[in-house]
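To begin, one chain is listed below as structure tokens, in the form predicted alone.
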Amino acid sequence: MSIRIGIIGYGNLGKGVEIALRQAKDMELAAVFTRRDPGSVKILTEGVPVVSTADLEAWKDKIDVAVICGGSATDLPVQTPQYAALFNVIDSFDTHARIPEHFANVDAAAAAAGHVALISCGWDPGLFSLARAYTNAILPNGKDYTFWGKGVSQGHSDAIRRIPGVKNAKQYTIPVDAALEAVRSGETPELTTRQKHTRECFVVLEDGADAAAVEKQIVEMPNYFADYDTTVHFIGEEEFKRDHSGMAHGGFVFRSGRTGVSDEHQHIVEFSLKLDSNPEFTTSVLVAYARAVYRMQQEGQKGCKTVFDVAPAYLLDMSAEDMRAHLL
């Protein structure tokens, strides 16, 4: 039997999940849930219903895993605990500073309902988190460095769009070249948040919006922009559509460590991604981990999980024999 997937929210992430499911032979899209008028939402998959989120409870026995595709700024802190009471769920919550709080809230709801919920899944947090974990285990005497970009951050762009007066926005995260090259060359500098990245924002305002007030809210936003050198550009809608329609992103995780009797040998581990489509890659990760959520729940597990709790074998639509023969 196919694993029945529900998509909650049909923006860039929701569409990405739908596309990724086409390559997952053991999974099927059961329904798409939206806060909009369902009749106004056109999806790619024929024969799959689009349902109002007001009717979610009626689907609690028809969905094996719900992929929650809201934004981290305001949606997921509310939605994930709420929906974990109805389904096994997975989200891409990426406000790093608030992950412990989010985990506790989701764990309480999922454990009480007997469901498995996996949070903060994607490439960072997610795959980059695993890279940091593996390299810390292997090189305990060392330092971590994470660089994002240059690329479009979905979470940061969404946070800007939530500001009153903003019609549309894209935010680019840009590594500071000098810091990146210092780490790659074997130096182990002490770098502040501000020294590692800059942020550049392109914003289309609603008519009559106060540009100075919007800029102030952006550059002072905690957990998003306050700790960075942030530049805000106000542009027209045509320029936005022409120059800022792409969704490329990527990044690097480094562990620079030493081994030897006198720490004489240096090792640098680098894990990097270069993505044409941030949402499509992120949702490909979500779909693989949705498979794991289903398998963990079938084993009787419950409560909130992160990528650290998931064995790699749960992610693959392969037998253990095939994994040993072809991947080991």
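Numbering starts at 1 and follows the sequence shown. Predicted, not measured: the structure shown is a model, and the values here were computed from it.
The next section is about a form of this same protein that is not shown, the form predicted in complex with another copy of the chain.
Although another copy of the chain is omitted here, in the predicted complex none of Ala73, Asp207 and Val214 has a heavy atom within 4.5 Å of it. Residues within 4.5 angstroms of another copy of the chain in the predicted complex, judged by any non-hydrogen atom, belong to 121-129 and to none of the other stretches in 199-207, 159-167, 81-89, 121-129. Another copy of the chain is not drawn, but in the predicted complex it has a heavy atom within 4.5 Å of Tyr289. Among residues of the shown chain, Val269 is one whose heavy atoms approach another copy of the chain to within 4.5 Å in the predicted complex. At least one heavy atom of Phe103 is located within 4.5 Å of another copy of the chain in the predicted complex.
Although the partner is absent here, Ile138 is a contact residue: one of its heavy atoms lies within 4.5 angstroms of another copy of the chain in the predicted complex. Taking another copy of the chain as positioned in the predicted complex, the residues of 245-276 that bring a heavy atom within 4.5 Å of it are, in sequence order, Arg258, Thr259, Gly260, Val261, Asp263, Glu264, His265, Gln266, His267, Ile268, Val269, Glu270, Phe271, Ser272, Leu273, Lys274, Leu275, Asp276.
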